[in-house]
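Only one chain comes next, encoded as structure tokens, the form predicted on its own.
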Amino acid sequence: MKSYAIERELVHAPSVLDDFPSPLPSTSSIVVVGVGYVGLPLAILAASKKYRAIGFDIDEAKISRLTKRDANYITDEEQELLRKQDNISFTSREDDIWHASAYIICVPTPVKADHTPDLEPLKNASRIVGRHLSRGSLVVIESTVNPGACEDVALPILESESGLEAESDFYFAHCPERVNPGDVKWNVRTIPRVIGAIGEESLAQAIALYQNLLDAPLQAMPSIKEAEAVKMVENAFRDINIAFVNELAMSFDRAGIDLLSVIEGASSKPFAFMPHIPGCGVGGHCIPVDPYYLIRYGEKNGFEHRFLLTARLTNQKMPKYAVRRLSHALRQKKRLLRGSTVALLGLAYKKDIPDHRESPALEIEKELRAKGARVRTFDPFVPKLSSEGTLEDALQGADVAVIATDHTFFRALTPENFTRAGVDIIIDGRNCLDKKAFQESGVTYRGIGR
């Protein structure tokens, strides 16, 4: 296959290949299947580029809220764009998505209770798109999947449902999503992307579309499988490095070594070191999930990913480790966790966003309750899961506090915020507080690795 690599220094990604088709005209319709954390920003972006954007989802309640422009899980900038666009609509009716120029599938790809991949959402989305696919349309899978899933799972369904053949009747590509929730700089429009396709024509069509959507470089991959593998490797890389520092944290806590100080020192090396910060667990819908897709894919091919599995197991036990840190701090004061009142601050998996999917804070809460503690929860970004309405309500009368999310609001807290409420033990699960200030105040401070 001819390589269509685009120079990385091209930020605005103009058409650089003479044999590429022109981008879809602005009169074209783009259907985004699945309007969650990935699909909704993409649909808004398409509308901002003057396409007729249709957000499709089987969740009728979500569609009702989006039709009213109620979307609290996207950035303020994206919400403002959504309110301004009159060429974007939302529907749960399949009759509304006939004859689109492009279908972009952005459904979740979770894992089951036994950590095996759950591709049912992708299969269902492929059936829906296949039933409405027209000749000349482009289908792009953005959902994160293991190598082989696009061609072995989604594509046969699309062809069977439509009666059409990929590359000769319609175009088929994979452009794995890349989002960084809460990041103003790196968003769906500005993050570089990779694309793989079933053939040269499909690749050309997909790149032409994304060139028009993004203000970011694109890199064409020689195959769909390699594009699928890119996303797997990205998230496995993060999981492994976080597991490394988490393991160091558990070791250095016993040795009385401040790991954050060590990481700062190691970061002075100008090459071959990338700092990662330990914490009370890994959350979100990517890092705790995607490595399992790679692990199961390896098993299918007769290979055991021991390294990836070890990293997953290490990161999974960090919420319980945070609770053990708390229990140990209490025992040093001749108190027990059972019967203590714990203020759990933060329920989102990441700072300054409302997303609590796979959040380690929820595992910490579960473990605390299992140990007999009374738990109060507060997160200004996740009020629906918070038992308390304010920070003061959560802290007043509590025995200890656990920081599980490093929201900017929590990072600004001082020892006085806790001592006024009678809290004398802090477990900083995100290492986001001023350790020295808390120690000097007489409050018992424990971080993860410090």
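Sequential numbering from 1, following the sequence displayed. Everything numeric here is computed off the predicted structure, so don't read it as measured data.
Keep in mind that the form predicted together with a small molecule is missing from the display, and what follows is about it.
In summary, among the residues 123, 324, 276, 366, the only one with a non-hydrogen atom within 4.5 Å of the small molecule in the predicted complex is 276. The contact residue chosen from 235, 109, 187, 137 relative to the small molecule in the predicted complex is 235, the criterion being a non-hydrogen atom within 4.5 angstroms. Within 4.5 Å of the small molecule in the predicted complex, a heavy atom is found for none of 346, 376 and 435. Proximity to the small molecule in the predicted complex, taken as heavy atoms within 4.5 Å, picks out 347-355 from the listed stretches 101-109, 347-355, 293-301, 76-84. Taking non-hydrogen atoms only, residue 179 approaches the small molecule to within 4.5 angstroms in the predicted complex. In the predicted complex, residue 145 stays away from the small molecule, with no heavy atom inside 4.5 Å. Contact annotation for residue 287: at least one heavy atom lies within 4.5 Å of the small molecule in the predicted complex. By the criterion of a heavy atom within 4.5 Å, residue 282 is counted among the residues contacting the small molecule in the predicted complex.
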